[in-house]
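What follows is one chain in structure tokens, specifically the form predicted on its own.
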Amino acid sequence: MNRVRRRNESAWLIPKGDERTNHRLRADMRRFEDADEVDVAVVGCGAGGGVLTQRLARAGWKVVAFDAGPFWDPDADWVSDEAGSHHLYWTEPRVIGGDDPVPLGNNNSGRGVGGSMVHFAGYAPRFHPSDFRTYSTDGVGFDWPICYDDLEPYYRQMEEELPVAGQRWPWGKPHSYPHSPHPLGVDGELFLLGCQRLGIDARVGPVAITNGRFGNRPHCIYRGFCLQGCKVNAKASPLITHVPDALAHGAEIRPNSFVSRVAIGEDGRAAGVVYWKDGKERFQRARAVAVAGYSIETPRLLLNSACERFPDGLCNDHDLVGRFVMVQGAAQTAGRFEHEVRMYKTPPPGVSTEAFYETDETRGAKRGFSIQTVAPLPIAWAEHVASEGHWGHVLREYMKDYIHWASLGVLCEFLPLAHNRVVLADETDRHGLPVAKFLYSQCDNDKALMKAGTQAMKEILAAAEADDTVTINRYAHLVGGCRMSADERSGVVDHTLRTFAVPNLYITDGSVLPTQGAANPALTIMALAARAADHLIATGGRS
């Protein structure tokens, strides 16, 4: 009997001896010359770029994926230390502004192969059907040119390939997960208790963390450093789930290679990418280009790729590149309990609820929010306490009390607004290129949702009998900036993620999302990239 061919046979997943990792793939991977015309040059190797590269390589396409950061080795490069993990983040210069500036760094960027999923919390929910039609349903936001049903089979694929663990999900379109939920920590038990007493439905998961051994990947050991790069490789990221499979099928991953411009030929099509490596500017020829640099660097790259045909930036004929960038309101509220909690002992998003996800007019705002357990480690916990004005002796006392606290985080769906945008700053980077300037201001609807979400967290903790609370206001999860739409006057890419302006240029990252939802976006970005790959493969890249 012929074995059914899987969509992902990553060397990390299929045991080939006693090795814990497979470094041979990196050493022996196929390498292309700059003068070779590859089928696709992919810019960025995170959630979108990693999946696209893997899918195209499996179809026999010649693919080179560029990443500005290193090709990480979890054994050598990652440490169980908050301060020692700073190198995982994009720390190159950026400028922020607006009425409510968004701090950039560890929460909104990634550096290196695997992207920000290397240090994401592992939470992997789907968007709801309503997220794809917020304007039609609620009169706010923007309707996607696709619907939930278009993406549902790709959600299932990604949940199998990561894989995702959790209880059956009752919200949105109800569905189950391939792995059973992880055991609860004390913070999860307290969250469930508070929700139960208030009549709020809550569930364990979903997290892209193996529950039990998965191929070469060991099970989670609940060490508490999900946000610092999972050193045991139980948590999924493209670095270990899709990139090895791409290499095994002939792709090249080119790390420490900063793409500075997409080149446009005389025929108006993308001809390849200009990039910097080892201090030299180089040019890779390509039959097509896919940009997956995320919501700050993708608009920046397009704007820096201005040329005679596109004097205001590539694909920017209608002044839409860089606009409608969104974040989620992501306040965190912690409650103190008499007994020990040790909230770091399970995956940070151990338990969650989407009971508040849809519009409730009594909140005085459209759309909604989700709530999940989070587990700030000591440095992040100190920031929480200091944000409430505690310092000196009082701060030290809070730090000594760390193991008695349980923390919840809200994800509020902030709306896409044209003035929230990425532009080019006057400042330049080490290559002499203008850096990104991100301007952001909240609207009244955003503020009302953040207030309602924070109040809900306080009520849940109080119901679980917390005797003190502290709250920090923060943001999470950048999306938007090159949104998907039905026509070129309202968006940058079409429903297949192909740009309207350049027929062989694709964008396959979170910048294409028209709305934010109240869910973490990683799974949706991966699903969209897999769908775009299927379209490319089916059409042979012909426009």
Partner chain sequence: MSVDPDLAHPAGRPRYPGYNVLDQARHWDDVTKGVVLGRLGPPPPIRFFSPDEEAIVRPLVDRLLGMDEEPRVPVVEMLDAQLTERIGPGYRHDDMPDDWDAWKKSLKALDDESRHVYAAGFADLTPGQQRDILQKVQDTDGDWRGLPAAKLWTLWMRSVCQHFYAHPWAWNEIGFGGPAYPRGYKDHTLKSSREPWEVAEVDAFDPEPWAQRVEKAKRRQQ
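Residue numbers count along the first chain shown, from 1. All of these numbers come straight from a predicted model, not from anything done at the bench.
As for the form predicted in complex with the partner chain, it is not shown, yet the points below apply to it.
- Proximity of K451 to the partner chain in the predicted complex falls outside the 4.5 Å heavy atom cutoff.
- Not displayed here, the partner chain is approached by V95 to within 4.5 Å at the level of heavy atoms in the predicted complex.
- In the predicted complex, the partner chain stays beyond 4.5 Å of every heavy atom belonging to E160.
- Proximity of A462 to the partner chain in the predicted complex: non-hydrogen atoms within 4.5 Å are absent; the residue sits far from the partner.
- This chain is displayed alone, yet in the predicted complex one of D75, D149, D312, D360 has a heavy atom within 4.5 Å of the partner chain; that residue is D75.
- With the partner omitted here, the residue from P153, G364, G215, P378 that has a non-hydrogen atom within 4.5 angstroms of the partner chain in the predicted complex is P378.
- In short, of 251-259, 228-236, 264-272, 201-209 it is 228-236 that has heavy atoms within 4.5 Å of the partner chain in the predicted complex.
- Residues of 378-406 lying near the partner chain in the predicted complex, listed in sequence order, are P378, I379, A382, A386, G389, H390, W391, G392, H393, V394, L395, R396, E397, Y398, M399, K400, D401, Y402, I403, H404, the criterion being any heavy atom within 4.5 Å.
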